[in-house]
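In the block that follows, a single chain appears as structure tokens, in the form predicted alone.
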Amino acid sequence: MDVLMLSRLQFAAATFFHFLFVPLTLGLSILVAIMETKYVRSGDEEYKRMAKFWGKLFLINFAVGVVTGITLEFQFGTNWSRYSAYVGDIFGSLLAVEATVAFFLESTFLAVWVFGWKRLSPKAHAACIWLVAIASNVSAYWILAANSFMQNPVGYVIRNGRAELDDFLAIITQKWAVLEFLHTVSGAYVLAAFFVMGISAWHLLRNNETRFFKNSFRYAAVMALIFSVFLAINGDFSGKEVAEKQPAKLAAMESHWDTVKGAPMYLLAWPDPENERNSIEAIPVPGALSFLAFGTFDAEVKGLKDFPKEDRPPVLLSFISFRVMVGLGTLFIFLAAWAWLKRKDPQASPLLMRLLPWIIPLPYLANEMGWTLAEVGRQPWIVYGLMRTADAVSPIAVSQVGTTLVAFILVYGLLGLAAFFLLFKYARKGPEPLRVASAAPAGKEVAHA
């Protein structure tokens, strides 16, 4: 365990923990905004209760996401100072815009939304949560544009021994950034939709607040179906972009060893990296890998043997994370379609109601596997083709990184337990009774928000 490996583990721990909360923030903000808009347009107090109940869960999730995001960014200075010195002119500008524009807007109007139930008109109050939702997603775009530069560096020049910004628009408008943003937020919306459907199903099985949770289920089912299908379509475009820009990642995630034209895809395979082959290869689909990668069945697909061993990503982890992500994505399409068909009367399908609460963790796993593939599959590069991860780490002592790694795990573990306990507690409790939500004094109204 040297400084490089410990720093990578620490950054991975911080990133994966932070990303447990980001997708729900992105997706649930949209659903809460839709629910409150329905209240404003219809005057139905049920939709106001829905906005408050799901908004409470959103706030718990948002708070922990903010705390973990701040510590994550600090690591670029503490653990990856050489990276920051080399590409900070580019990477830092993108994060600065995200913090000073999108995050500031998001946090400001979230505070107004929390404390403004009795102080703003219904339309103005609904506008606040829409601004929160829009700013959250805009914030995600800037962060993902920064990550896209690491995946496919553009818009820079090498000057004075470092990468300097040359074309800001090229970075934020490149195809990789757009596809990565669409893929990430679609995954977030699917997660939020299954989160709402799972909790709603749990209450509907017990006949708790049936009208409330049927309405919640209906909105979430529509979101789940739209974005689970879109996620698969976008994934195809993203895969072709990976094939063009990061062929070693494509070869690793498919465990494809030899360069061939008309490359098949094996439905059953298991990599054996030590011997540069697959220990299991069964049920080939002729030309399928070539078609998925380049749109033609006879295209040439580079194999891992064409790359020096020191330039190959970790094959087994890339292979597994890709298959888990795709397998779960396929499952979500099936479940979302089922939920959509039953959206008017979900209680008519007890099996679906029993399944959905157990499904809640799976979109979290799928999102984490997507990030695993994106980041591990880029190795050994921290900026693909430009800077190796080994050259980016700070010149610090092993003991320093080891100590902070343990501290991160302990603190994040406690934060995670507290956050998920509160989410479970209030999700299980359900919404406040209608008479409380409509007749409470101003102070209690704010507390319920």
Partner chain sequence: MLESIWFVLWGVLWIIYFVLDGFDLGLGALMPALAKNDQEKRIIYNSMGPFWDGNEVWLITAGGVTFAAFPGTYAVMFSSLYSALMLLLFALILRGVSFELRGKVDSPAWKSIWDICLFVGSFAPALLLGVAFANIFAGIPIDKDGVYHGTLFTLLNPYGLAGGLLFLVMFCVHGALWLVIKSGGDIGQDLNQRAQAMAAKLWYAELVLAVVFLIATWFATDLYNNYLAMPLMFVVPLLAVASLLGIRFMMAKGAWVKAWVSSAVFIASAALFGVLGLYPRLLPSSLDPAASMTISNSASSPLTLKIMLGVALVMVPVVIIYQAWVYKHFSHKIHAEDLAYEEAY
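Note that the structure is predicted; figures quoted are calculated from it, not measured. Numbering follows the first chain given and starts at 1.
A second form of this protein, the form predicted in complex with its partner chain, is not displayed here; the remarks below concern that form.
Looking at Val154, Val178, Leu95, Ala299, which has any heavy atom no more than 4.5 Å from its partner chain in the predicted complex?
For this set of options, the contacting one is Leu95.
In the predicted complex, the residue from Leu386, Leu422, Val40, Ala390 that sits within 4.5 Å of its partner chain by heavy atoms | None of the other options qualify; the answer is Leu422.
Determine which one of 113-121, 287-295, 303-311, 249-257 lies within 4.5 Å of its partner chain in the predicted complex, judging by heavy atom distances; exactly one does.
Only one stretch passes the 4.5 Å heavy-atom test: 113-121.
Problem - Residue contact check: Tyr426 to its partner chain in the predicted complex, 4.5 Å heavy atom - result: Contact check for Tyr426: yes, within 4.5 Å of its partner chain in the predicted complex.
Q | 4.5 Å heavy atom contact, Asn208 and its partner chain in the predicted complex | A | Outside the cut-off, so no.
_Given that its partner chain is not shown alongside this chain, does Asp89 nevertheless sit within 4.5 Å of it in the predicted complex, heavy atom to heavy atom?_
Yes.
(request) Although its partner chain is absent from this view, report whether Pro264 comes within 4.5 Å of it in the predicted complex, heavy atoms only. (result) Flag for Pro264 set to no.
Can you confirm whether Lys56, Leu59 and Ala85, the three residues that make up this candidate site, all sit within 4.5 Å of its partner chain in the predicted complex, judged by heavy atoms? Each of the three qualifies.
Hey, which residues along 397-418 are within 4.5 angstroms of its partner chain in the predicted complex, non-hydrogen atoms only? Result: Gln400, Val401, Thr404, Ala407, Phe408, Val411, Tyr412, Leu415, Ala418.
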